[in-house]
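So this first bit is one chain, no partners, the form predicted alone, shown in structure tokens.
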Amino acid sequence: MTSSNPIVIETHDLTKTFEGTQALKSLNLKVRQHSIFGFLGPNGAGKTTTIKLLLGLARPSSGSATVFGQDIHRDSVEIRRRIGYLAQEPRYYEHLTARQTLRFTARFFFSGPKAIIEERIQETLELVGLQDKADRPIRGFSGGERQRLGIAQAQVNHPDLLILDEPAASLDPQGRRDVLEVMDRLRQYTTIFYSTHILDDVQRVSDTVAILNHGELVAQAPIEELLAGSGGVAYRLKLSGASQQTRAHLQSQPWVTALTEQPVNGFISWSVSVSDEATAESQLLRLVLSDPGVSVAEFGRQKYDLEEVFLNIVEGGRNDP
């Protein structure tokens, strides 16, 4: 995905108030085509409210939003024809099989030769990894299989946008892994906008993340940018044999703003903050290795765990990543 990709979802000061309480406060989002957009926040942050507004299931108190360039209120019916949606806890007719369930759903979208519809159903079952259980009653499905069937239902009409509300929230690790793998496979076919409070999942599959807290957007950025941290650019080196002279020489460079050191498993770890990323890329490692006694085991731009970033933003009240 690049910044030149068309915008699929765009909100402008989107606000929703319930009985005097603002559940959503002046939300401004941009979701680009073919992204996997993780909409992250604690329970009660306003994620499901946002989804209901985008789907036309609730009306905004103020502000506006477009999906595919169409107004979510005025053009709601046209928008929904192009969307697949999975609720947080999908419900099924337990006696039906997965194939029968998709056949029932497909009839709302397709007409024409039965063979073509059946081919689409089979493709969808294979896409979500349920082809081996396609003809078993749903009552025997695990939680992960039910969620994958829900994604299949949402995907059977070839939607241009998939909206998934907490798709892996109640699953065990294996079920979550299976659902995330399906989402990753779907990236080439559609745009995925999904809400979650599971930080690990976001870090594994998302390319763009927005963080909502108490109804307010507190961060929105590509995942790589968010994980680079908010304190500027830094590089981490794991090394041995470095002299105080090497450290002092590095700290004397005008583009080095800070250097911290700590022992890690028999090595020394340096975190080097810089003001000029391009210069650091070309010179930092070269300067360190100019000391013949130094051995570098690891070198790279420092990244942060998403949990650390999330807690810093949410608990620290910062408004940017």
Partner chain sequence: MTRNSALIAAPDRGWLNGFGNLFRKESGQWWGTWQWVIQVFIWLAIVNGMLAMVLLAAPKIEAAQASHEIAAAEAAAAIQALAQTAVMVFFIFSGLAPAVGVVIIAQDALVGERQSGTAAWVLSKPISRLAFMASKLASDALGILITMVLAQGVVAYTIYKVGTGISLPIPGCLAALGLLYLALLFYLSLTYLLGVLFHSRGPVIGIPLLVIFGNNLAGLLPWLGKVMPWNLVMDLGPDRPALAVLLAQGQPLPTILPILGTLALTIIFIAVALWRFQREEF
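For the two forms, the rigid core is made up of the largest set of C-alpha atoms that agree within 1.5 Å on superposition. Residue numbers count along the first chain shown, from 1. As the structure is a prediction and not an experimental result, all values here were calculated from the model.
As for the form predicted in complex with the partner chain, it is not shown, yet the points below apply to it.
Among residues of the shown chain, residue 173 is not one whose heavy atoms approach the partner chain to within 4.5 Å in the predicted bound form. Within 4.5 Å of some heavy atom of the partner chain in the predicted bound form lies at least one heavy atom of residue 112. Contact annotation: residue 56 falls within 4.5 Å of the partner chain in the predicted bound form, judged by heavy atom distances. Put simply, residue 141 is far from the partner chain in the predicted bound form: not one heavy atom of it is within 4.5 Å. Contact with the partner chain in the predicted bound form, judged as any non-hydrogen atom within 4.5 angstroms, is confined among 233-241, 218-226, 175-183, 150-158 to 150-158. The partner is not shown here, but in the predicted bound form the stretch 94-111 reaches within 4.5 angstroms of the partner chain through a heavy atom at 95, 101, 104, 105, 107, 108, 109, 110, 111. Residue 127 shows a C-alpha shift of 2 Å or greater between the shown form and the other one [criterion: core-superposed Cα displacement of 2 Å].
Fitting the two forms on the rigid core leaves the C-alpha of residue 189 displaced by under 2 angstroms between the shown form and the other one.
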